[in-house]
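Consider the single chain below, provided in structure tokens and representing the form predicted alone.
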């Protein structure tokens, strides 16, 4: 067995875990992230939802129930986390647009609109008026994008189809990284008779350099263009995840990816190490402090049995919303299922309230009361609580 020592070990490689890890590295600590696979952020639109209950996201945060984790982090921490995130993504050449004072609407792959706060700059010019003309440009055989939904939902639209020679989002995105393909695509666009207005593309404008590709199209066509997220998994979510992961590694963080945790070693009041399953031999990852950032049910941080909910790494007590019969609304598609509030109760320092573990901190949607679907706050909550938990962890490591 190989044994490696760190100041902090983050369990979970999603938004909150990577944000926490980056902050701890910036404070001079040695940090490892342990994740059993790509996180749920890869399924997202890539946009940062802070609070989707109204036009002003921070006013929405202020109106949330007193038990919501946002209030533990506080307004100042939320704003600091959003600013730091924007700086990180700009450094990764994946800049974001927007600010915490205003939500904006983006077009979904189903032709509806969705309120969000910060958006990749490839989505920055998504129309804010329903009657604004857009011309949808899609690709032959692409199965994760349905232009007919968009053109039927918006009266003032046009549509064109291009044969990229491949039919997957990743395949088309890879082709856009090729100069010859991009030039041929621009030439084809110039040959179309498109009314004045914006160009709308499925989110396939490259894997690594989407903004520069979009900007070249805009300059050549002398009109604005923007991406629309495809159905999950959507490329902007994958870009977001990879950008944060690259930032973490560039600052010296170590990543243990794709291997589940086999065992946890603990003393009376502290976690001492986790052992992960790797090919050949296992690895013991020692830490002075640990951060739990495994997410909720979708990410596998929580698991529901018939009469209880389990936390899947440290077996922490989980606050559940009453008996199982009360977990879901009668109409499944009505938002606000009680089960969304399940999770780990934490204190002001983001340590678990139940149990005796003194060197464990918790962040992200696994915190009880998050209700990220109901309040439209997923990525914003992840960033804010990731930063807050990391600050408490750094203080404990002094």
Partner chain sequence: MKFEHCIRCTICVENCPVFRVNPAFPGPKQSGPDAQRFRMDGEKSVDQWVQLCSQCKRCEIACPYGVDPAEIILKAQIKYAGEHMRSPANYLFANNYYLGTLGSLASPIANRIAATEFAKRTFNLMGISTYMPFPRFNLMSMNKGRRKLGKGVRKVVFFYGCFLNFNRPDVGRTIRELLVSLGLEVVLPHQVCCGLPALGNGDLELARRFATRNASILVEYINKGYDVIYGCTSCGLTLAHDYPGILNVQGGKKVAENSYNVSEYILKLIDEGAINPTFGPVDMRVAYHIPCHLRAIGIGYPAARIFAKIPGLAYDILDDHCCGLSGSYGFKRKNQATALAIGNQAAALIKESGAQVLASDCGACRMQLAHLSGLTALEPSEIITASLRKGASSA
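Only a predicted model underlies this, so the values are computations on that prediction, with no experimental measurement involved. Positions refer to the first chain, counted from 1.
The discussion below concerns the form predicted together with the partner chain, not included here.
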Problem - 101, 342 and 379 each touching the partner chain in the model of the complex (heavy atom, 4.5 Å) - result: no
Practice task
Heavy atom within 4.5 Å of the partner chain in the model of the complex: which of 280, 195, 191, 323 fits that? Just give me the one.
Solution key: 280
Exercise for the section: With the partner chain left out of view, choose which of 115, 182, 255, 273 has a non-hydrogen atom within 4.5 angstroms of it in the model of the complex. Expected result: 255
Practice task
Tell me the stretch among 309 to 317, 154 to 162, 200 to 208, 130 to 138 that has any heavy atom within 4.5 angstroms of the partner chain in the model of the complex.
Solution key: 200 to 208
Practice task
Considering only heavy atoms, tell me if residue 111 and the partner chain come within 4.5 Å of each other in the model of the complex.
Solution key: no
Practice task
Using the partner position in the model of the complex, report whether residue 28 sits within 4.5 Å of the partner chain, counting heavy atoms only.
Solution key: no
Exercise for the section: Indicate whether the partner chain has at least one heavy atom within 4.5 Å of a heavy atom of residue 69 in the model of the complex. Expected result: no
Practice task
Indicate whether the partner chain has at least one heavy atom within 4.5 Å of a heavy atom of residue 242 in the model of the complex.
Solution key: yes
Problem - Those residues of 26 to 62 which, in the model of the complex, come within 4.5 Å of the partner chain by heavy atom - result: 36, 37, 38, 39, 42, 43
